[in-house]
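Encoded as C-alpha coordinates, the following chain is the form predicted alone, with no partner shown.
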Amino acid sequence: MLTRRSLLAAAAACLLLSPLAQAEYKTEYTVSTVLPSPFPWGEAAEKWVELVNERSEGRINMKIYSNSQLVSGDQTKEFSSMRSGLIDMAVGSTINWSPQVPELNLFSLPFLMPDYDAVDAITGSEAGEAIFKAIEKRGVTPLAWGENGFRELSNSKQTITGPDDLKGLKIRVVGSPLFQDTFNTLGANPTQMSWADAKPALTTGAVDGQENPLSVFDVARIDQVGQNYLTLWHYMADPLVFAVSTRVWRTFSAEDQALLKQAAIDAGQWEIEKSRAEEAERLAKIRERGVEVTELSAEQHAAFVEATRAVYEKWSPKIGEALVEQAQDAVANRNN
(Lines give C-alpha, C1' and ligand atoms only; values in the text may rest on other atoms or scores of the structure.)
Protein backbone atom coordinates (compact mmCIF):
# COMPACT_ATOMS: atom_id res chain seq x y z
CA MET A 1 0.00 0.00 0.00
CA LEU A 2 2.78 2.44 0.99
CA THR A 3 4.72 1.59 -2.16
CA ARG A 4 1.64 2.25 -4.30
CA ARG A 5 1.03 5.58 -2.57
CA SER A 6 4.66 6.53 -3.02
CA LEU A 7 4.52 5.75 -6.73
CA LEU A 8 1.35 7.80 -7.14
CA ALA A 9 2.90 10.73 -5.28
CA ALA A 10 6.02 10.57 -7.41
CA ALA A 11 3.94 10.49 -10.59
CA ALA A 12 1.94 13.50 -9.43
CA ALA A 13 5.14 15.39 -8.62
CA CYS A 14 6.52 14.67 -12.10
CA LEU A 15 3.30 15.92 -13.67
CA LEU A 16 3.42 19.16 -11.69
CA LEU A 17 6.99 19.78 -12.81
CA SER A 18 6.37 19.01 -16.48
CA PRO A 19 6.32 21.96 -18.92
CA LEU A 20 2.67 21.43 -19.79
CA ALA A 21 1.68 21.65 -16.15
CA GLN A 22 3.82 24.65 -15.23
CA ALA A 23 0.95 27.01 -15.98
CA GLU A 24 -2.41 26.97 -17.64
CA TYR A 25 -2.07 28.83 -20.91
CA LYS A 26 -4.57 31.50 -21.88
CA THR A 27 -7.02 30.81 -24.65
CA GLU A 28 -5.92 34.11 -26.23
CA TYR A 29 -2.90 36.38 -25.81
CA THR A 30 -3.30 40.04 -26.65
CA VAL A 31 -0.78 41.61 -29.04
CA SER A 32 -0.72 45.41 -29.15
CA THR A 33 0.39 47.49 -32.14
CA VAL A 34 -0.06 51.11 -33.13
CA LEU A 35 -0.49 50.54 -36.86
CA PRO A 36 -2.33 47.67 -38.59
CA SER A 37 -1.61 45.96 -41.90
CA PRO A 38 -0.87 47.07 -44.64
CA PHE A 39 1.66 49.19 -42.75
CA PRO A 40 4.91 47.23 -42.23
CA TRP A 41 4.37 47.54 -38.48
CA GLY A 42 1.09 45.64 -38.67
CA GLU A 43 2.57 43.13 -41.10
CA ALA A 44 5.34 42.36 -38.62
CA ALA A 45 2.80 41.54 -35.91
CA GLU A 46 0.72 39.42 -38.28
CA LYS A 47 3.78 37.42 -39.33
CA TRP A 48 4.70 36.76 -35.70
CA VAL A 49 1.17 35.57 -34.87
CA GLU A 50 1.13 33.37 -37.97
CA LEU A 51 4.48 31.72 -37.21
CA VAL A 52 3.64 31.08 -33.54
CA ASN A 53 0.28 29.58 -34.42
CA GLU A 54 1.86 27.37 -37.06
CA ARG A 55 4.81 26.20 -34.97
CA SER A 56 2.76 25.60 -31.82
CA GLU A 57 0.11 23.77 -33.87
CA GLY A 58 -2.53 26.14 -32.53
CA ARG A 59 -1.66 25.75 -28.86
CA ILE A 60 -0.60 29.42 -28.51
CA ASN A 61 -3.30 31.72 -29.82
CA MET A 62 -2.36 35.40 -30.26
CA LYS A 63 -4.76 38.15 -31.32
CA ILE A 64 -3.67 41.56 -32.61
CA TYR A 65 -5.25 44.75 -31.30
CA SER A 66 -4.04 47.56 -33.56
CA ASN A 67 -4.47 51.34 -33.38
CA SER A 68 -3.50 51.24 -29.69
CA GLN A 69 -6.96 49.89 -28.83
CA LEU A 70 -5.76 48.37 -25.57
CA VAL A 71 -4.60 51.74 -24.24
CA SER A 72 -7.49 53.85 -25.54
CA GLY A 73 -5.34 55.35 -28.29
CA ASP A 74 -2.53 56.56 -26.01
CA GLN A 75 0.42 54.71 -27.52
CA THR A 76 2.85 55.96 -24.86
CA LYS A 77 1.00 53.85 -22.25
CA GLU A 78 1.59 50.58 -24.09
CA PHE A 79 4.82 49.69 -22.29
CA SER A 80 3.51 50.33 -18.77
CA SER A 81 0.37 48.32 -19.57
CA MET A 82 2.50 45.42 -20.74
CA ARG A 83 4.74 45.67 -17.70
CA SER A 84 1.71 45.39 -15.42
CA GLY A 85 0.33 42.43 -17.40
CA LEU A 86 -2.70 44.26 -18.83
CA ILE A 87 -1.21 43.65 -22.28
CA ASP A 88 0.39 40.27 -22.95
CA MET A 89 2.60 41.06 -25.94
CA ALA A 90 3.40 43.86 -28.35
CA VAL A 91 5.33 44.88 -31.40
CA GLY A 92 6.23 48.31 -30.12
CA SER A 93 8.07 51.47 -31.07
CA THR A 94 11.27 52.59 -29.39
CA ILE A 95 9.80 56.11 -29.45
CA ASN A 96 6.58 55.17 -27.67
CA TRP A 97 8.40 53.14 -25.01
CA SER A 98 11.10 55.73 -24.33
CA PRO A 99 9.17 57.51 -21.52
CA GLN A 100 9.52 54.30 -19.45
CA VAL A 101 12.89 53.17 -20.86
CA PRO A 102 15.19 56.23 -21.22
CA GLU A 103 17.82 54.20 -23.07
CA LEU A 104 15.43 53.87 -26.02
CA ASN A 105 15.85 57.60 -26.67
CA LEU A 106 19.14 56.60 -28.26
CA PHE A 107 17.36 55.94 -31.55
CA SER A 108 15.69 59.37 -31.46
CA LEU A 109 18.98 61.26 -31.33
CA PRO A 110 18.99 63.32 -34.54
CA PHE A 111 21.22 62.12 -37.36
CA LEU A 112 22.87 59.34 -35.34
CA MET A 113 22.16 56.75 -38.06
CA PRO A 114 22.83 57.83 -41.65
CA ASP A 115 21.73 54.57 -43.29
CA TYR A 116 20.28 51.12 -42.65
CA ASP A 117 23.73 49.63 -42.13
CA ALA A 118 24.08 52.00 -39.19
CA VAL A 119 20.73 50.87 -37.75
CA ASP A 120 21.79 47.22 -38.04
CA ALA A 121 25.19 48.01 -36.54
CA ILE A 122 23.56 49.41 -33.40
CA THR A 123 20.85 46.79 -32.93
CA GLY A 124 23.37 43.99 -33.53
CA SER A 125 26.05 45.40 -31.23
CA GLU A 126 26.71 45.68 -27.51
CA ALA A 127 24.55 48.79 -27.59
CA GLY A 128 21.60 46.75 -28.82
CA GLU A 129 22.20 44.16 -26.11
CA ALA A 130 22.36 46.89 -23.46
CA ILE A 131 19.04 48.29 -24.63
CA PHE A 132 17.38 44.88 -24.44
CA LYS A 133 18.71 44.50 -20.88
CA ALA A 134 17.27 47.90 -20.00
CA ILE A 135 13.85 46.83 -21.31
CA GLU A 136 14.02 43.52 -19.43
CA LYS A 137 15.01 45.31 -16.23
CA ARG A 138 11.70 47.17 -16.36
CA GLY A 139 9.43 44.15 -16.51
CA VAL A 140 9.15 43.42 -20.23
CA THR A 141 11.01 40.66 -22.07
CA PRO A 142 12.32 41.77 -25.51
CA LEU A 143 12.69 39.06 -28.13
CA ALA A 144 13.67 40.58 -31.47
CA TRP A 145 14.03 43.72 -33.56
CA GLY A 146 11.73 44.90 -36.31
CA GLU A 147 11.62 48.15 -38.27
CA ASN A 148 9.43 51.21 -38.74
CA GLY A 149 11.92 52.93 -41.05
CA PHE A 150 13.59 56.33 -41.26
CA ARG A 151 11.33 59.25 -40.45
CA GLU A 152 11.19 61.83 -43.22
CA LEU A 153 9.82 65.38 -43.10
CA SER A 154 6.80 66.72 -44.99
CA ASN A 155 4.96 70.03 -44.96
CA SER A 156 2.35 72.04 -46.83
CA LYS A 157 4.29 75.31 -47.16
CA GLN A 158 7.64 75.06 -48.88
CA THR A 159 10.70 73.10 -49.95
CA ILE A 160 13.00 72.36 -47.00
CA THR A 161 16.72 72.05 -47.70
CA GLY A 162 18.23 73.61 -44.57
CA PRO A 163 17.51 74.44 -40.91
CA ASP A 164 16.38 77.98 -41.74
CA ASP A 165 13.50 76.59 -43.81
CA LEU A 166 11.97 75.07 -40.69
CA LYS A 167 11.75 78.30 -38.71
CA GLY A 168 8.21 78.95 -37.51
CA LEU A 169 6.65 75.87 -39.10
CA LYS A 170 4.20 73.97 -36.91
CA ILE A 171 5.32 70.33 -37.05
CA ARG A 172 3.31 67.49 -35.52
CA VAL A 173 5.55 65.34 -33.33
CA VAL A 174 5.00 62.33 -31.06
CA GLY A 175 4.87 62.62 -27.28
CA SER A 176 8.60 62.62 -26.65
CA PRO A 177 10.51 65.51 -25.03
CA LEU A 178 13.51 64.70 -27.21
CA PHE A 179 11.44 65.40 -30.35
CA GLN A 180 10.36 68.70 -28.85
CA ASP A 181 13.99 69.64 -28.22
CA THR A 182 15.12 68.63 -31.71
CA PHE A 183 12.51 70.71 -33.53
CA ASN A 184 12.83 73.64 -31.13
CA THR A 185 16.56 73.62 -31.80
CA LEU A 186 15.84 73.82 -35.53
CA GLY A 187 13.54 76.79 -35.02
CA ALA A 188 10.28 74.99 -35.71
CA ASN A 189 7.17 74.97 -33.55
CA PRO A 190 6.72 71.30 -32.54
CA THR A 191 3.15 70.35 -31.70
CA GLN A 192 2.65 67.13 -29.77
CA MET A 193 -0.35 64.99 -30.67
CA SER A 194 -1.31 61.36 -31.18
CA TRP A 195 -1.40 59.93 -34.70
CA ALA A 196 -5.19 59.69 -34.43
CA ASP A 197 -5.32 63.49 -34.13
CA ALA A 198 -2.54 64.23 -36.60
CA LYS A 199 -4.33 63.72 -39.91
CA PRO A 200 -7.32 65.93 -39.00
CA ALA A 201 -4.89 68.62 -37.83
CA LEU A 202 -3.03 68.45 -41.14
CA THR A 203 -6.35 68.62 -43.01
CA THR A 204 -7.46 71.81 -41.25
CA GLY A 205 -4.02 73.40 -41.34
CA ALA A 206 -3.71 73.44 -37.55
CA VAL A 207 -0.22 72.08 -38.18
CA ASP A 208 1.94 72.63 -41.24
CA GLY A 209 3.86 69.38 -41.36
CA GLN A 210 4.75 66.03 -39.86
CA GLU A 211 7.58 63.48 -39.78
CA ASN A 212 7.02 59.78 -40.40
CA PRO A 213 8.41 56.84 -42.38
CA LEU A 214 7.66 56.67 -46.11
CA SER A 215 5.36 53.71 -45.46
CA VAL A 216 3.10 55.88 -43.31
CA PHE A 217 3.16 58.75 -45.81
CA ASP A 218 2.24 56.31 -48.59
CA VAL A 219 -0.36 54.05 -46.96
CA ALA A 220 -2.07 56.82 -44.95
CA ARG A 221 -2.09 59.05 -48.10
CA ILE A 222 -0.61 62.06 -46.32
CA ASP A 223 -0.39 63.71 -49.73
CA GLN A 224 -4.19 64.06 -49.62
CA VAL A 225 -4.04 66.50 -46.69
CA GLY A 226 -1.87 69.14 -48.31
CA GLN A 227 1.54 67.63 -47.63
CA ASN A 228 3.02 68.55 -50.99
CA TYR A 229 6.67 68.87 -49.93
CA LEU A 230 8.68 65.89 -48.71
CA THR A 231 12.31 66.05 -47.59
CA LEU A 232 14.33 62.85 -47.29
CA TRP A 233 16.60 63.79 -44.42
CA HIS A 234 16.91 60.43 -42.59
CA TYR A 235 17.10 62.26 -39.27
CA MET A 236 16.21 59.22 -37.19
CA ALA A 237 15.03 55.62 -37.51
CA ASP A 238 12.55 53.83 -35.28
CA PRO A 239 13.33 50.15 -34.72
CA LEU A 240 10.43 48.06 -33.52
CA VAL A 241 10.69 45.61 -30.63
CA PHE A 242 8.88 42.27 -30.36
CA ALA A 243 8.24 41.77 -26.66
CA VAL A 244 6.24 39.90 -24.01
CA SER A 245 5.16 41.02 -20.56
CA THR A 246 7.62 39.31 -18.20
CA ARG A 247 4.70 38.21 -16.01
CA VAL A 248 3.27 36.39 -19.01
CA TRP A 249 6.67 35.21 -20.29
CA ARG A 250 7.28 33.28 -17.06
CA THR A 251 4.12 31.24 -17.57
CA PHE A 252 5.48 29.65 -20.75
CA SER A 253 7.57 26.51 -20.74
CA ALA A 254 11.20 26.82 -21.82
CA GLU A 255 10.32 25.13 -25.10
CA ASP A 256 7.53 27.61 -25.83
CA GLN A 257 9.70 30.56 -24.83
CA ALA A 258 12.20 29.41 -27.44
CA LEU A 259 9.39 29.02 -29.97
CA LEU A 260 8.04 32.54 -29.33
CA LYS A 261 11.50 34.08 -29.53
CA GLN A 262 12.56 32.36 -32.74
CA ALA A 263 9.23 33.21 -34.36
CA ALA A 264 9.78 36.87 -33.40
CA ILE A 265 13.32 36.84 -34.82
CA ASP A 266 12.10 35.30 -38.07
CA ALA A 267 9.12 37.68 -38.33
CA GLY A 268 11.35 40.66 -37.63
CA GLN A 269 13.90 39.71 -40.26
CA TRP A 270 11.14 39.06 -42.79
CA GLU A 271 9.55 42.45 -42.10
CA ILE A 272 12.85 44.36 -42.19
CA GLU A 273 13.80 42.90 -45.57
CA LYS A 274 10.31 43.44 -47.00
CA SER A 275 10.05 47.00 -45.73
CA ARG A 276 13.41 48.04 -47.16
CA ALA A 277 12.76 46.35 -50.49
CA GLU A 278 9.49 48.29 -50.90
CA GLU A 279 10.93 51.76 -50.24
CA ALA A 280 11.87 52.61 -53.84
CA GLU A 281 8.39 51.63 -55.04
CA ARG A 282 6.74 53.68 -52.30
CA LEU A 283 8.82 56.71 -53.19
CA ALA A 284 7.91 56.36 -56.86
CA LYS A 285 4.19 56.28 -55.96
CA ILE A 286 4.56 59.38 -53.81
CA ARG A 287 6.25 61.25 -56.66
CA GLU A 288 3.54 60.14 -59.09
CA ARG A 289 0.94 61.78 -56.84
CA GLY A 290 2.57 65.15 -57.41
CA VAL A 291 4.56 65.44 -54.19
CA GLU A 292 7.81 67.39 -54.53
CA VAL A 293 10.54 65.13 -53.11
CA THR A 294 13.81 66.72 -51.99
CA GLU A 295 16.92 64.62 -51.40
CA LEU A 296 19.57 66.49 -49.41
CA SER A 297 23.11 66.89 -50.64
CA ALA A 298 25.98 65.98 -48.31
CA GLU A 299 26.47 69.67 -47.47
CA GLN A 300 22.77 70.23 -46.75
CA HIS A 301 22.66 67.13 -44.54
CA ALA A 302 25.76 68.31 -42.66
CA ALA A 303 24.06 71.63 -41.89
CA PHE A 304 21.23 69.79 -40.09
CA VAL A 305 23.74 67.65 -38.20
CA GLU A 306 25.60 70.73 -37.00
CA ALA A 307 22.39 72.53 -36.05
CA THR A 308 21.29 69.72 -33.71
CA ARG A 309 24.52 69.09 -31.79
CA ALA A 310 23.08 70.77 -28.71
CA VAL A 311 20.48 67.99 -28.47
CA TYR A 312 23.30 65.47 -27.85
CA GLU A 313 24.75 67.59 -25.08
CA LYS A 314 21.41 67.63 -23.28
CA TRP A 315 20.30 64.06 -23.91
CA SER A 316 23.45 61.93 -23.77
CA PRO A 317 23.57 61.99 -19.94
CA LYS A 318 19.87 61.02 -19.77
CA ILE A 319 20.31 58.11 -22.18
CA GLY A 320 23.68 57.07 -20.78
CA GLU A 321 26.89 58.49 -22.17
CA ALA A 322 28.52 55.05 -22.34
CA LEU A 323 25.58 53.72 -24.38
CA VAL A 324 25.69 56.69 -26.76
CA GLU A 325 29.44 56.14 -27.27
CA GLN A 326 28.89 52.43 -27.92
CA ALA A 327 26.29 53.29 -30.56
CA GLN A 328 28.51 55.92 -32.19
CA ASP A 329 31.41 53.44 -32.32
CA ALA A 330 29.14 50.80 -33.89
CA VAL A 331 28.07 53.29 -36.58
CA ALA A 332 31.63 54.45 -37.23
CA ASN A 333 32.86 50.86 -37.64
CA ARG A 334 29.83 49.49 -39.52
CA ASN A 335 31.65 48.89 -42.81
CA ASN A 336 34.85 47.47 -41.31
Ligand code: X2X
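In this text, residue numbers run from 1 along the sequence as written. The model shown is predicted, which means the values in this text are computed figures rather than measured ones.
Missing here is the form predicted in complex with the named molecule; even so, the following discussion is about that form.
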{"query": "Joint contact, 155, 170 and 233 to the named molecule in the predicted bound form, by non-hydrogen atom at 4.5 Å", "finding": "no"}
{"query": "Which of 273 to 281, 29 to 37, 298 to 306, 55 to 63 lines the interface with the named molecule in the predicted bound form (heavy atom within 4.5 Å)", "finding": "29 to 37"}
{"query": "Distance check, residue 165 to the named molecule in the predicted bound form, heavy atom within 4.5 Å", "finding": "no"}
{"query": "Residue 98, heavy atom within 4.5 angstroms of the named molecule in the predicted bound form", "finding": "no"}
{"query": "Proximity of residue 176 to the named molecule in the predicted bound form, heavy atoms at 4.5 Å", "finding": "no"}
{"query": "Residue 151 within 4.5 Å of the named molecule in the predicted bound form, heavy atoms", "finding": "yes"}
{"query": "Partner-contacting position among 229, 195, 252, 217 - heavy atom within 4.5 Å of the named molecule in the predicted bound form", "finding": "195"}
{"query": "Single option in 141, 81, 125, 75 placed near the named molecule in the predicted bound form, where near means a heavy atom within 4.5 Å", "finding": "75"}
